[in-house]
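Here are two versions of the same chain, shown separately as structure tokens and labelled structure 1 and structure 2.
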Structure 1
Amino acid sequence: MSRLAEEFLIAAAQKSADLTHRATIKRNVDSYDTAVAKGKLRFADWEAARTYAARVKGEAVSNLAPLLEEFERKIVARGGHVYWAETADDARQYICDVARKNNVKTVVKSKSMVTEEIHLLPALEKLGIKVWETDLGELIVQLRNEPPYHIVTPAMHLTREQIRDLFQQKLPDDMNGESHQELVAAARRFLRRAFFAAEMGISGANFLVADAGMVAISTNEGNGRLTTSLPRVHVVVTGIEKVIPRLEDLGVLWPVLATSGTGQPITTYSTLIGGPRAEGEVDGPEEFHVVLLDNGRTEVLADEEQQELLRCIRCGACLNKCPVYRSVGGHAFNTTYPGPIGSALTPIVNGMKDWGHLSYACSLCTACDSVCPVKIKLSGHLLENRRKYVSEGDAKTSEKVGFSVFRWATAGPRRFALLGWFGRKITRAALAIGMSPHALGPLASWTKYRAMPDVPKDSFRALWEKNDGNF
């Protein structure tokens, strides 16, 4: 077992036993469940919207290179810069160079999971640049020195009381009460100063529209617009899979994203930006950069079986529906993208040997498949990862032995009956002389948390033979 797998096991066990954590997550996720269910009813035909969204994203994934080139041409024509970053390191280097050339002291950043993926903040801070998260949830986790807990709602795991205590400690000058409204107001007061001070803004992208050459950003707090329009320099950092063919596709993708994520018809702010401030425009940056990040994505693209994972629009619906995520929370995964999509993608991008355990951290309940707005069959990808994990020789020895026995036994009804008879016989005998099931090897992990099932004397096959099938 890899070190990361062991760490996950420990963190997952701890978290799932933490009843306070579970209650917080349940309350927050349940409220999304209700809102999302209601939101879907606003569609004349939700399934048709999903089908459309899946088709558009599928079309984009199969034409990634030409669509990105079309996007690049349009951005460059308007005076923007496009940088193709092969690795996280490339992307960090480029962004740090832009900051250095512009003598940047402060950066404001709106929500972007890609900047988490490339660990951008520590790199900028190493240069002495102060970076402020401007999404409320992201600011909260930044002040706590934590990674986001959820890809859409980064501070989902916290209660109002925890946030109040945090703000009292970190933003005392801006605190003026402790109601929800006042906590938001305190963050706003603090962030306004940051927005006006910043020389550079960094944002992510929800979609890159190829035919229009535009970056589409969805936010709920207006911080995205301030980040992209106030500072002198703006950098968009995004994965190459975010490209879509046509502007009109946003007509479905924007509402589908918002509904799946939070149940909203559309996010409060939906922004399109196409380059630096043009002549006659009143706002916008003087310098505009788009960093197109690969970082393992072309590897996923090259895999015909699994490339559909690149359709993901990062709505977070699969996390909210996942009973494992609901039990262990977002941090236990130790990945940029937690939950089903993270468990499917991370082992492919970051290595099966180290990360394969995440593909097994799933009961295959398929709830994620049923909510994915772009119809990614996530459970199928987890199964495919497991197949790869085993075929690459990473399975535990005890499991290999176990399945050799399984293979031997299932190759004939007599063997199967014999093995079953033997197993039941020794289990019954051991229990009869008062042995604890905890001592019985493979039963230990079962009986640590669950009562031992009754072990019958006869199998069905034996009963059938005894009674000649007459019950």
Structure 2
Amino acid sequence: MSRLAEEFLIAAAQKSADLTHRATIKRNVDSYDTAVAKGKLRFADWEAARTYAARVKGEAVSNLAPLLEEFERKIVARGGHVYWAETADDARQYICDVARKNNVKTVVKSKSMVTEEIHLLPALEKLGIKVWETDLGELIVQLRNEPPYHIVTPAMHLTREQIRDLFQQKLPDDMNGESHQELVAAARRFLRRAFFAAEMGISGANFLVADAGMVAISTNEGNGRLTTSLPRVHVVVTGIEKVIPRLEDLGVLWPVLATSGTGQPITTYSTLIGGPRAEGEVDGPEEFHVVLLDNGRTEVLADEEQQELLRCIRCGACLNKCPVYRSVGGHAFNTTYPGPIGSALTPIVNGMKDWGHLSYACSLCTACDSVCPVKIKLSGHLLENRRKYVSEGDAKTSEKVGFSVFRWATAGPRRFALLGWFGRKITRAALAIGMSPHALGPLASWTKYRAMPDVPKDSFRALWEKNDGNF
């Protein structure tokens, strides 16, 4: 077992046993479930909208290169700069160079999981540049010096009281009460100063519109517009899979994204940006850069079985529905993208040997499949990852032996009956001599937290025949 797999199991066990944590997550996720169910009713045909969104994203994935080149031509024609970053190192280096050339001392950043993926903040801070997160949830986890807990709601795991205590410690001059509204107002007062001091704004992108040459950004707090329009330099950092063919596609993708993520009909602020400030315009940046990040995405694209993972629009719906995520939380995964989508993508991009264990953090209930707005069959990809994990020789010897025996036994009814008879005999004999259920091999993990059921004397098949099918 790899070190990362061991760390995951330890963190998952701790969080699963933390009833306060589980209650907080349940309360917050339940509120999203209610809002999303209500939000879907606003659509005349929710399934038709999912089908349309899946088709658009599928078309984009199949035509990634020409659509990105079309997007690039239009951004450059308006005076913007487009940089193709093959790796996270490339992206960090380019952005740091832009900051150095512009003598940047302070950066404001709107929510972007890609900047988490490339570890951008530590790189900028090494240059002596102060970076402030401007999304409220991101600011909270930044002040706690921890990564986002959730793709859409980074501070989902915290209570109002925890945030109040944090702000009293970190933002005492801006505190003027402890209600929800007063805590938001404290963050706003603090961030206003940061917005007006910053020389550079960094944002992500929800979509890159090829035919319009526009970056589409969705936010709920207005921080995105201030980040992209107040500083004199604006840098967009985004994965190459965010491109879509047409502006008209946003008519479905924007509401589908908002409804799946938070239950809203559409996010409060929906912004399109196509370049730097043009002559005669009164606002907008003097410099505009778009960093198109690959960082393993073309490897996913090259895999015909799993390239549909690039359809993901990062709504977070699969996390909210996943029973594993709801139990162990976001930080246990130790990845930029937790939950089902992260467990499917991370082993492909970062290596099956170190990250393949995440594909087993799934009960295969398929709840994630049912809520994905672009119809990604996440459970199928997790199974495919498990197949790769085993075929590449990374599975434990005990698992290989166990499943070999299981395959042999289930290949014939007599073998299966023999294995069942032998298993019942051994288990009953072990319990009869006082052996703890916790020591019974494969049953140990199960019985550690649950009572050992009585071992039946007869198999189900024998009982069926004995009672002639009547129970």
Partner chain sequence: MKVALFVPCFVDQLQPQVGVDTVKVLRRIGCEVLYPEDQTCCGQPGFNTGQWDAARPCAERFVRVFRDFEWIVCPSGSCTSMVRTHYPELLKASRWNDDVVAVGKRVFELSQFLVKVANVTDVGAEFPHTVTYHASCHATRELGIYDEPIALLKNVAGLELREMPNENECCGFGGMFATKFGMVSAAMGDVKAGNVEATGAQYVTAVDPSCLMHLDGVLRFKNRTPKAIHIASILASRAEAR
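The first residue in the sequence of structure 1 is number 1, and each one after it adds one. Not measured: the values here are computed from a predicted model. Between two forms, the rigid core is the largest collection of C-alphas that superpose within 1.5 Å.
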Can you tell me whether structure 1 or structure 2 is the form predicted on its own? 2
Is Ala430 one of the residues whose C-alpha moves 2 Å or more between structures 1 and 2 after the core fit? yes
Post core alignment: Ala411 C-alpha displaced by 2 Å or more between structures 1 and 2: yes
